[in-house]
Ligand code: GLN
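Have a look below at one chain only, the form predicted on its own, in C-alpha cells format.
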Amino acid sequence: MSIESFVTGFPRVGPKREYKWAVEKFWKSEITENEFLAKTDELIVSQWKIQRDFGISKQLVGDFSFYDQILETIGYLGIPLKRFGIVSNTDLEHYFKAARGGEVNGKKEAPLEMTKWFDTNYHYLVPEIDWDKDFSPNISRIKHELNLAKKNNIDVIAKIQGPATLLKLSREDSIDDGKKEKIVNSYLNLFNQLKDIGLSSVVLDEGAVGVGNSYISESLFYVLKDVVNKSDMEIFLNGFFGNYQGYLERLEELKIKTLHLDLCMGSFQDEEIKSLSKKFQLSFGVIDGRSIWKSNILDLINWLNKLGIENYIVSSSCSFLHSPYSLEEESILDPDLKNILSFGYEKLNELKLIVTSLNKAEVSEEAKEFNNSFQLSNKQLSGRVNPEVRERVEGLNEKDFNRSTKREERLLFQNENLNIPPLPTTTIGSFPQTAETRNLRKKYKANEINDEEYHKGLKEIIKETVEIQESLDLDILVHGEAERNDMVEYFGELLDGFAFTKFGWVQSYGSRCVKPPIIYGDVNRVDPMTVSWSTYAQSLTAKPMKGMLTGPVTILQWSFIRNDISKKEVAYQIALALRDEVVDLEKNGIKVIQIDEPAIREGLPLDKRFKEEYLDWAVNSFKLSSSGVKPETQIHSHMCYSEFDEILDAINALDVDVLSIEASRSGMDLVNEGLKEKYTGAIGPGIYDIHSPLVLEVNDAKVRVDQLVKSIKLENIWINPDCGLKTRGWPEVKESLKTMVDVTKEVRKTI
C-alpha cells in the first residue's frame, strides 16, 4: 500500500505578498506586462517546488489567479459576460476592467459585483453570464502553466471550478435545457482541449455540492452529472465545506475516479466512508485549510489505520488559500503559542508526517515528537483563561441585551437632538490612508519617533480630515481612522487574548490582503481604545462626530479563532469589551456611535440546519455591545459584501438605529419590497462604490438617490458610500463625495 498526499489549493500572493506588489506596479504601469508575468511564473514555480519537497504527489495548474478564481474559470470556459463580453487572462487589460472597472466600448463600466466566498473572508466576483452569445473555451493560460511545469519537472493535474458551483455562485440557481446544454458543452469542449495538451485528469472544485442540497438546487446537480458522465477525463470531485448532504448516496451516479471528503467541516460516519471507498478512490481532507492550529496527527494516523481502507489520498480539507504561508519568520510570537500554530508550510509538514507513518505502517518518531511538543505547549500557554471575564459572561441576563426604548421613539428624539436634516449625509468611517499616514506609522513602529510626535502627527491628519468633511458639507462626520492599520487588528492590539503575526497575510480579493489577529485567550478590555481620538475630533467641529468601533461578530470572523471554547462564548467576551468602550464614548460626549458588522452574514452556517442557532448568538452579541447607552445616543452599524435578503429579520433584530449597507455595486438590488417590509430602522444603502477607482458620476448618484426616495420612507433614508474610503485616493474621494452631497441637496429641494 502506498498512500499519497495532496493539497486542493495553495495561497497565491507570495510569502511576503510579492504578487500584491507586482500587480499593483503593473496597474500603475511601473512594470511591463512581461515583467509582471515573469513574476507570476516565479511565484507559481516556487510554490510548486515547496509542495513537491514536502511530498505532495501532484501540483495544480489552474489554481493560480490574477484576481479571482471565478473570473479565471469564466475565462477558461469562454463564457461571455453581459457588460464585458469575453474576459480572458490572456488579455489582462480587459480582464482587470471586469475586476476593477474601466472603459468598455466607449462607456465607463463599474466592475463586476463582489461578494463573499461561501462563509469565508475571501471575496469572489459574481459573473453576469450572457447566455445569448456563444461560449468559446480558451486554455492558453493552462497550457502556459503546463509548459512551465514541464520545464521544472513538476507533475501536475488541472483544476477548475465545477459547473454546479460556478452556476450557484453566478446566481443561476435554476437553468433551462438550453442553458444546460451550453454550459455542459463548454466544459466538455474545455476537457477535450486539455486532453489535446496531454492532461488526462482534472480536479473539479465543487464546494457547493460539498455543502449539499440546502445550498444548491437539483437542477445544478444534474448539470454536474452531465458534465462528469459525458466526459472521458479522470474526474477528481473536490467537494468541501460540508458532507454532500442530500447528495452523498447519489454520488455513485457520477462517473468519478476520486472523491474528496472534507473531514474538518463535514461530519461523515465511519461506515459511510467505508461504503464510499468501495465505489471511489477517496481523498481524506484531514488537515484543516481554514484553521491555524496544529492537528493531532497521532489521532489522525490511528483513525486512518483503523478504517482499514487501501488506496486513498491524505489531503487538505479545502484550499490553503485561507491560511497564511509560514511561521518561519514569526520571531515575535510567544514560543508556546507559535508551537501550537500551523500555517501553510507547516500544514504541508503535517501531511508529510502522516503519510510517512502510514506508509511505514508504524508511527514515526518525528510524528510522536511533533504531537508531544505541541500538546505540552498547549498546556503551558499563559493567558488562556481570565476568571473575571468568564464570570461576567456567565452572569449576563436579558436586560443586558436590550435598550430601554423602542427604536421608532429613539429615532424621533435622536434626529431632533442631533439636528439632522432630511436625507442626512455621512461616510462609513475611514478616509484615505496616504503615504504620509503610512510613513508616520512606519516611523513609530521603528521607534524613529516617540509617542508625542506620533500622536501629534495623527492629530494633524485628523484635523485635515475633519476640515475636508466640513468643506464638503457632510452632516455627520468621522475622524477618518488615521491611527488604525486595520479595523480588526487595531482593536485586537488593545485587547487581552489576542496575538499578532508579522507575515500572516491572507488574500481577501485581488491584491487586497488581510493579516487576521489570533484569538488564543479570554478577551478583555484593560483601557479605553478609541475615546481620545473621537473626543479630539469632536472638539474640532460643531457637527456630530461618530465614534467608530468594529463589532463583535466581525472581530470574531476576521480573526483566527481559538478552538478550545465555543464561538458564542468568544463573541460575548468581545461584546462585553466593546460595551465598556461604547459607554465610555457616550460619557465623553460622543452622541453617535457606529459598530460595524460587515461579517455577520458571512458567518451564517452553510448548512441551514444551524442557521437559527448562529443568528441567535450573533444578534445577541451585537445587542450586548450596543445596549448600555441612553436612548438619545444613536447607534449606527455598517454591513457590506453580503447577500442580506435571507437574514433581514435578524438584521432588523439587531435594533440598530441607523444601518449603512453596500448596495451600489449590486445595482441597488437590496432596495426592494423585502427590505421595506422587514427592516424598520433608518438605513443608508450605499450610492458610491468605493471598491472601484471610478469617480461617482452625477447621473448615477441621482438615479440611486431617487430610487431610495421612491422605495424607502423618507425619514428613514441616509446617504453614504458603500464602505470605508481607506484604500482610495483623496482626489477621487473628494470629487465623489462632493457629487454625493450636491445631488442629495438637489433632491432635498424637491421633497
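Rigid core: the largest C-alpha set superposing within 1.5 Å between the two forms. None of these values were measured; they are calculated from a predicted model. Start at 1 with the first residue shown and count on from there.
Here the subject shifts to the form predicted together with glutamine (GLN), a form of this protein not shown in this document.
> When the contact criterion is heavy atoms within 4.5 Å, does S219 count as touching glutamine (GLN) in the predicted complex?
No.
> With a 4.5 Å heavy atom cut-off, would you call P598 a contact of glutamine (GLN) in the predicted complex?
Flag for P598 set to yes.
> Check G686 for me: does it contact glutamine (GLN) in the predicted complex (non-hydrogen atoms, 4.5 angstroms)?
G686: no contact with glutamine (GLN) in the predicted complex.
> Hey, in the predicted complex, is C640 touching glutamine (GLN), heavy atoms inside 4.5 Å?
Contact with glutamine (GLN), yes.
> Which among 720-728, 61-69, 42-50, 693-701 is in contact with glutamine (GLN) in the predicted complex, heavy atoms within 4.5 angstroms?
Partner-contacting stretch among the options: 720-728.
> Exactly one residue in L670, L423, M265, M487 has a non-hydrogen atom within 4.5 Å of glutamine (GLN) in the predicted complex; which is it?
For this set of options, the contacting one is M487.
> In the predicted complex, which of the listed residues (P324, P127, P516, G429) lies with a heavy atom within 4.5 Å of glutamine (GLN)?
Contact check passes for G429.
> With both forms fit on the core, has M548 moved 2 Å or more by CA between the shown form and the other one?
Result for M548: yes, a 2 Å-plus shift.
> After a rigid core superposition, would you say the CA of I595 moves by 2 angstroms or more between the shown form and the other one, or not?
I595 C-alpha, core-superposed: shift of 2 Å or more.
> With the core lined up, does the C-alpha of K726 move 2 Å or more between the shown form and the other one?
Comparing the forms between the shown form and the other one, which are aligned on their rigid core, K726 does shift its C-alpha by 2 Å or more.
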